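This document opens with one chain alone, in structure tokens, the form predicted alone.
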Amino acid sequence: MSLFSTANHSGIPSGSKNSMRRITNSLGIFLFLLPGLVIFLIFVIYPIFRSIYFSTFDWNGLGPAVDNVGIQNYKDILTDKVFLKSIINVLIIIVLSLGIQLPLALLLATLVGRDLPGRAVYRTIFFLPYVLSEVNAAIMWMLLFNADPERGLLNGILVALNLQPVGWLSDMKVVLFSVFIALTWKYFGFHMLLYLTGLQNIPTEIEEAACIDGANSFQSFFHITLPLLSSTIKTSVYMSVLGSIQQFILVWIMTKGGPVNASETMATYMYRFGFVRFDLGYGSAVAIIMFIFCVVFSLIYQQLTREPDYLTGL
């Protein structure tokens, strides 16, 4: 009996057989992950290290990088008033996104997620802007913001109401908020979809029980719906902040960071030096600083929001 307990019919000990099975499973998992790992190393990790390398050179992208300047590019960036202005603009966009865009998306998700007549049509309409490319959205809003009342819809409405037209994209005090309007229109549908998914995961029995206990709609929303949506809200905030830090296409097409850098972002600043002025060493340093911003925020945010989940208790 002891022989049969330590070996199978082929004479291989059961412990060795389990070890071989684990090795085979691990090898199979590794082979399945290998293509994705290779792509990740080539297109993510390698470019990051190359950017770090080039950021220490005064290099225009033509020929080999030979003029090593150490950390001088980083010193120049962090003392450049235009770059500091771009950081302030990004922070303003983040604050506006968290204070206006995401609450608006949550409100619309709550409305179209209930028994609202025609809610399927509303969902399609609200999500449609996110499907459009950023280039199309930027061109469309440029036409709407046209300073000529005969060409720009918004200024045409203001003139029809006997009001003064506004330089939506030419006034330094207004341009950043004009860009934010376009960003909100473009992206709130995505966040609305996230909230809709979170709402569908909330058991209806909980809200029904609260209603039976005498809770009204506002009490049910603030004391039941919001706490149970906490994980979804965290994800939405996380993606909104990272998206604001990296925002480029819509801003560049609409304003190119102007007028007088009033709508400059870190991404447009990087593109201006790296690809417009062909100072790729300087542009690489800006890209690394943006990368550091994103990594630091991700680490701090995940640490601060690490709380038990209301539904799973984990």
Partner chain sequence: MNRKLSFLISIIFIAVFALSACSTAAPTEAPVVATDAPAAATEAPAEPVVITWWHISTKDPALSSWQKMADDYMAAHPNVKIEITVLENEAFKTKLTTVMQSGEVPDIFQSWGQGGMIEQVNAGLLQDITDELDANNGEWRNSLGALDAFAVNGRNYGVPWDMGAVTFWYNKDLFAQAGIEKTPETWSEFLEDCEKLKAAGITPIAVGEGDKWPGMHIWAYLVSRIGGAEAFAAAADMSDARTGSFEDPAFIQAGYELKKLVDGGYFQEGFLGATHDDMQAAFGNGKAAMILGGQWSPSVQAANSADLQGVKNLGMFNFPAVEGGAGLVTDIVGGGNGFAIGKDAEPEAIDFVKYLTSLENQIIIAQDNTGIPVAKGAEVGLTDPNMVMVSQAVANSTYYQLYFDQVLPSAMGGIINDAVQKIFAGTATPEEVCAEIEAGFLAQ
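Residue numbers count along the first chain shown, from 1. Keep in mind the model is a prediction, meaning the values are calculated, not measured.
A second form of this protein, the form predicted in complex with the partner chain, is not displayed here; the remarks below concern that form.
Heavy atoms of Leu250 never reach within 4.5 Å of the partner chain in the predicted bound form, leaving it off the interface. The partner chain in the predicted bound form is approached by Glu150, whose closest heavy atom lies within 4.5 angstroms of it. With a 4.5 Å cutoff on heavy atoms, Ser298 does not count as touching the partner chain in the predicted bound form; it lies far away.
Taking non-hydrogen atoms only, Trp59 approaches the partner chain to within 4.5 angstroms in the predicted bound form. For the three residues Tyr130, Ala137 and Lys234, a heavy atom within 4.5 Å of the partner chain turns up in the predicted bound form in no case. Heavy atoms within 4.5 Å of the partner chain in the predicted bound form map, among the stretches 40 to 48, 242 to 250, 281 to 289, 265 to 273, onto 265 to 273 alone. None of Leu169, Ile77, Ala182, Ala109 but one reaches within 4.5 angstroms of the partner chain in the predicted bound form through a heavy atom, and that residue is Leu169. For the partner-free chain shown, Arg21, Thr24, Asn25, Leu27, Gly28, Leu31, Phe32, Pro35 of 18 to 38 come within 4.5 angstroms of the partner chain in the predicted bound form, judged by any non-hydrogen atom.
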